[in-house]
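A lone chain, given as structure tokens: the form predicted on its own.
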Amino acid sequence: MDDRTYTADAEPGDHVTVAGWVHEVRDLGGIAFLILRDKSGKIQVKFEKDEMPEELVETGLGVHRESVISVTGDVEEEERAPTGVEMLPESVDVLNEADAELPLDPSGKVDADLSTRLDNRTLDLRKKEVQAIFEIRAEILRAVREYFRSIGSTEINTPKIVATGTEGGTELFPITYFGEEAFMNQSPQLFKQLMVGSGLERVFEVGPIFRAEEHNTPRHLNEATMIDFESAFIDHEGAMDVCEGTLKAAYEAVEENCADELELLGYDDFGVPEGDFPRLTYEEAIERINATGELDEQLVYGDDLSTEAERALGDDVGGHYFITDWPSEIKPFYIQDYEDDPDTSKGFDLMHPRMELVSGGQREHRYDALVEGFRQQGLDPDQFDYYTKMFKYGMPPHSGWAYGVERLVMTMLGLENIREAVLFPRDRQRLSP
């Protein structure tokens, strides 16, 4: 077990051992100070040169910034110290000496560009502001899992190596699988649908997806983490209710449990989205976008929404909202169409004013209609036999959706680049670290 004391727990009168990184050394002549940093905070260590052993002073003051050390000594009250206490060391052990020259400054006093930060992510995460992003991300995932369990969902894990893509097309990373061609999965969509037909009925997954899209933008990644949900016996309206509930649960948890992290990031007015999210039909969305006058060309029915169109509508709505009833030809084959209007699907997107967060809808659960959907989109249903045949054996009506975790973090915290929301991003230029 770890028998050290965290710096935040060191109280006047305690005799403790603390361990962490050398944040700063200040030599003022007869007195010098070392600031030690750990996960919980910082503590000042005071060296009185004339009253302490020379070897102890040399060890404490000769160590480079970001070296890992442990310090044992007494804790005293000192109102002039950054945290109101300081340590008088009786021993300093250098556990790992850092190089004198660092590729970036973890103290944040010297800025580094994003590329340099990502190249040296371990050092970058020593900055409390960067750590705060990932503490918030972890809290989001904790809250989402808790919400799913509260509505009777079972967490599942589906394959990431597959024989065929979820949606066909060329946006797949091929790999060699024991001499056969296989692919990195672009979505757990088909597998989670099979699970709602298994008797589990309501499932969720948090896991990676891989897409070989040649985007190079601040909001796209080639490997992302998705929150997927699928449930039997609910329609697209019910799926939107769950989607909205999940997002609000994430915001509520961050507001309640991440006050320190939000303060570090400068969020004084962080708030949970209030009220029901508006649900605009695709046709209404097109009309409102055109009415803004923000686009060079008017949109017509059947157009997909560009980044500029999404932002124009987001500014007009002013908060999270759904776009429903998309044209069938825009949505994937597994989205069900309306019986009385086969050109309109039961698909939906959840939008943040800046960008799309979620894609979902009611699924086609009838075998013949599902196979016909494959053919209409130029896909060979025989390649998906493992999936389609299960629809012959009693597949219930079902609906679902998928969030991108990085986009959720990005929009919640107002980050400029999605790469700030993932530890080790994978994009067209970055495969290491």
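Nothing here was measured: the structure is a model prediction, and the numbers come from that model. Note that residue numbering begins at 1 and tracks the sequence as displayed.
Heads up, the form predicted in complex with a further copy of the same chain isn't pictured, but that's what we're talking about next.
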Discussion item. My question is simply whether residue 107 lines the interface with a further copy of the same chain in the predicted bound form - judged by any non-hydrogen atom within 4.5 Å.
Written reply: no
Worksheet entry | is_contact(residue 195, a further copy of the same chain) in the predicted bound form, heavy atom dist at most 4.5 Å | yes
Practice prompt. Although a further copy of the same chain is absent from this view, report whether residue 394 comes within 4.5 Å of it in the predicted bound form, heavy atoms only.
Written response: yes
Worksheet entry | Close approach of residue 291 to a further copy of the same chain in the predicted bound form, 4.5 Å, heavy atom | no
Worksheet item: For the chain shown here without its partner, which stretch in 313 to 321, 341 to 349, 82 to 90, 133 to 141 has non-hydrogen atoms within 4.5 angstroms of a further copy of the same chain in the predicted bound form?
Response: 133 to 141
Fill in: Non-hydrogen atom within 4.5 Å of a further copy of the same chain in the predicted bound form for each of 202, 366 and 433
yes
Worksheet item: Between the options 160, 248, 219, 279, which residue brings a heavy atom to within 4.5 Å of a further copy of the same chain in the predicted bound form?
Response: 160
Response to the item:
Answer key, a further copy of the same chain contact in the predicted bound form at 4.5 Å (heavy atoms) among 242, 71, 227, 357: the residue is 242
Worksheet item: What residues, if any, in 412 to 432 have a non-hydrogen atom within 4.5 angstroms of a further copy of the same chain in the predicted bound form?
Response: 423, 424, 426, 427, 428, 430, 431, 432
